[in-house]
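The chain below stands alone and is given as structure tokens, in the form predicted on its own.
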Amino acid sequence: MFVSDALGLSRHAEKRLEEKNILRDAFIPHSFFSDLIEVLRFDKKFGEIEEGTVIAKTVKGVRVVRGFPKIRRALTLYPTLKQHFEKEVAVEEKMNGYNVRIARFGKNLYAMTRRGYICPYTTERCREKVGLDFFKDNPDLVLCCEAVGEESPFVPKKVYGISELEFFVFDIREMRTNAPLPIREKMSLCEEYGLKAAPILEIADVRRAHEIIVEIVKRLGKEGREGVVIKDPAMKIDPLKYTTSEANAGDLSYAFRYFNEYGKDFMFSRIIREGFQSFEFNEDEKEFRERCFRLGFSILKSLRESIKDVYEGKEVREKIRLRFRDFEVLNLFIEHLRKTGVTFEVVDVRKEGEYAILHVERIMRSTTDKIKSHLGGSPW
């Protein structure tokens, strides 16, 4: 098996991998993916191999792209930062989009989602927005990016003023080992090759970092942004992430709109974050009441909207608008959605200038059915 050879697995490990049935297809064969012969992804973590790791048999040989490691979360800034880091921390904006790894296989770029799928839409966009220059000089590096903008199939956001989709580099890693480059080297490479980077907002002494981050988080929250990732400038220590109250409320609003599609852990963890942040920020009564209102409003408003939709005979749906250079890639993306198990309806396809525009609505079947059942008299 080419995966075992690529990863240097023992016969015993190879047998365990087969028994656990962890490997899944990572792409749909098509001429758009002309460099690829066979690509498999790890659907779950396997030993030290991260979920989302991609093993690609290409026309130029086998390539390994390790999955992006999960980042733990700080619930309190003090004393967590002092315990976790040593001297300095880099405070990077945590942008609100979806996680993408971009690598070169053969002649072209390929964009992999966190779970290891090679996404046709994201791949077409990264070929246009990122380009090959960086990879010509750095063939064994991977750009870890946040894909951000209104035309996102997963996390459409207006807050950044980006009408399409842009890629912001937050890490550059070695393809096979997953070792990250230091912050300063990453930023230097982004500047050299004209790549957008997630902003570094501050580099601070760890002893006073919590005070600085509190102010940064409050400011980002007022701007409707997500939060920060706190990193060791040398990238020798695992980073931590910390989100704004407004981002937590936004996540809860989204989750309760589609409440039966999202696990209780998703919702519960964000409410817990709010409690710790409210305590650590030492809020006065007015600030605390504002937080309580924001939290309650975000939950009940979206939930009530979903109930109203079903009561009026509608389905609970999420609307998405995407643009494509090529109609074939548009059709390939529709097939990709089906393959990944998304229930959806294509509402409209039209030509606008040089682009093909796709309007698709994701149907939240589980939430719709749950609400319909309760409106019909079924008990919880």
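Bear in mind that the values here come from a model prediction, so they are computed numbers and not experimental data. Start at 1 with the first residue shown and count on from there.
The discussion below concerns the form predicted in complex with a small molecule, not included here.
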Response to the item:
the small molecule in the model of the complex has a heavy atom of only one listed residue within 4.5 Å, and of A209, L195, M95, I299 that residue is M95
Discussion item. Under a 4.5 angstroms heavy atom criterion, identify the one residue in T76, N99, N260, S278 near the small molecule in the model of the complex.
Written reply: N99
Item to complete: Please check if Y117 has a heavy atom lying within 4.5 Å of any heavy atom of the small molecule in the model of the complex.
Response: no
Worksheet item: With the cut-off set at 4.5 Å between non-hydrogen atoms, does K82 touch the small molecule in the model of the complex?
Response: no
Discussion item. Taking the small molecule as it sits in the model of the complex, is F68 near enough to touch it, meaning that at least one heavy atom pair lies within 4.5 angstroms?
Written reply: yes
Worksheet item: D232: heavy atom within 4.5 Å of the small molecule in the model of the complex?
Response: no
Worksheet entry | Candidate stretches 216 to 224, 68 to 76, 291 to 299, 131 to 139 - the one whose heavy atoms come within 4.5 Å of the small molecule in the model of the complex | 68 to 76
